[in-house]
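Only one chain is shown below, in structure tokens, and it's the form predicted on its own.
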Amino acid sequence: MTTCININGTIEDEAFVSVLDHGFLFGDSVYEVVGTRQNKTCFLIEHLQRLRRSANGISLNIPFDDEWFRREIERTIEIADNQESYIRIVVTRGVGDIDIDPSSCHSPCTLIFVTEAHTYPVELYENGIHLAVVSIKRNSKDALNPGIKTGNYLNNVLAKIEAGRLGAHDALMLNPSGQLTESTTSNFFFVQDGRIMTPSLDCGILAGITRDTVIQMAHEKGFPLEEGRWPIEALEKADEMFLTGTIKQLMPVTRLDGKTIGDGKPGPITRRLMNFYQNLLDRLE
């Protein structure tokens, strides 16, 4: 495995940021994770668009244009020379005073981190994972909006810790109103009576790129799909569940709070969508 880190256009095997960087001190940063297929980036345009939306959401100026990112990502992938790559783009507020006031930060720091692709065990896709509904609530969109992909992930970290204590692979979080939102790093879908359901953006979730792709794909394939607001009780009659994300892609969920979903195996709609998504990635090559 080879890891290369590109900081503001300079590539190093090992790199460091200042302890005075506000990304380190206060989580004052935005980021994106990009996957590859045949070591070519997937959905890079969409990821860069969301990176800029996130930056705008915290009044952070990104010092480089999309062409710079495309060129530097390709260059860093080539030097890393992995079979498939995991790419993490981070833009921090930069070095400043030890004060939450960002006005002392004049030079944002841009990192492109490339390493060997992160993969999940095949058996998880074959058998599904276990989720636990946790007590940690998803951030209110009126406080720190989950639609902004920042480096401040403590809410999700705490949810992940609680899920682990409950013996689950991951957490399912509710918003302060008790409505379904998402997992720690993934969007959430469930299926009931052949209808695909997923929490709407106004529940306080990230506008996932894989989520958007699955929604579009479901519409194109004729699956009934609804975005809405649901309490946890809505899952009592769910036949299938799955998560979506850049690295997970479509991950089946077969247990919730220790209870089996459906027949305990990935359901037919989930499996079909998984196949459709893989075919879509194949066409991107």
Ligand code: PDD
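As the structure is a prediction and not an experimental result, all values here were calculated from the model. Counting begins at 1, following the sequence as shown.
There is also a form predicted in complex with the ligand; it is not shown, and the following applies to it.
Peer 1: Since the chain is shown here on its own, which stretch among 69-77, 164-172, 108-116, 207-215 would lie within 4.5 Å of the ligand in the predicted bound form, judged by heavy atoms?
Peer 2: Result of the contact check: 207-215.
Peer 1: Is it true that Y125, F189 and T254 each have at least one non-hydrogen atom within 4.5 Å of the ligand in the predicted bound form?
Peer 2: Spot residues vs the ligand: no contact at all.
Peer 1: Counting non-hydrogen atoms within 4.5 angstroms of the ligand in the predicted bound form, say which of K160, K141, H130, K149 makes the cut.
Peer 2: By the 4.5 Å heavy-atom cutoff, the listed residue in contact is K149.
Peer 1: Hey, in the predicted bound form, is Y31 touching the ligand, heavy atoms inside 4.5 Å?
Peer 2: It does: once the ligand is placed as it appears in the predicted bound form, Y31 has a heavy atom within 4.5 Å of it.
Peer 1: Could you tell me if T246 has a non-hydrogen atom within 4.5 Å of the ligand in the predicted bound form?
Peer 2: Contact check for T246: yes, within 4.5 Å of the ligand in the predicted bound form.
Peer 1: Using 4.5 Å between non-hydrogen atoms, is T92 touching the ligand in the predicted bound form?
Peer 2: Contact with the ligand, no.
Peer 1: Residue-level question: is S183 within 4.5 Å of the ligand in the predicted bound form, judged on heavy atoms?
Peer 2: Yes, contact at 4.5 Å.
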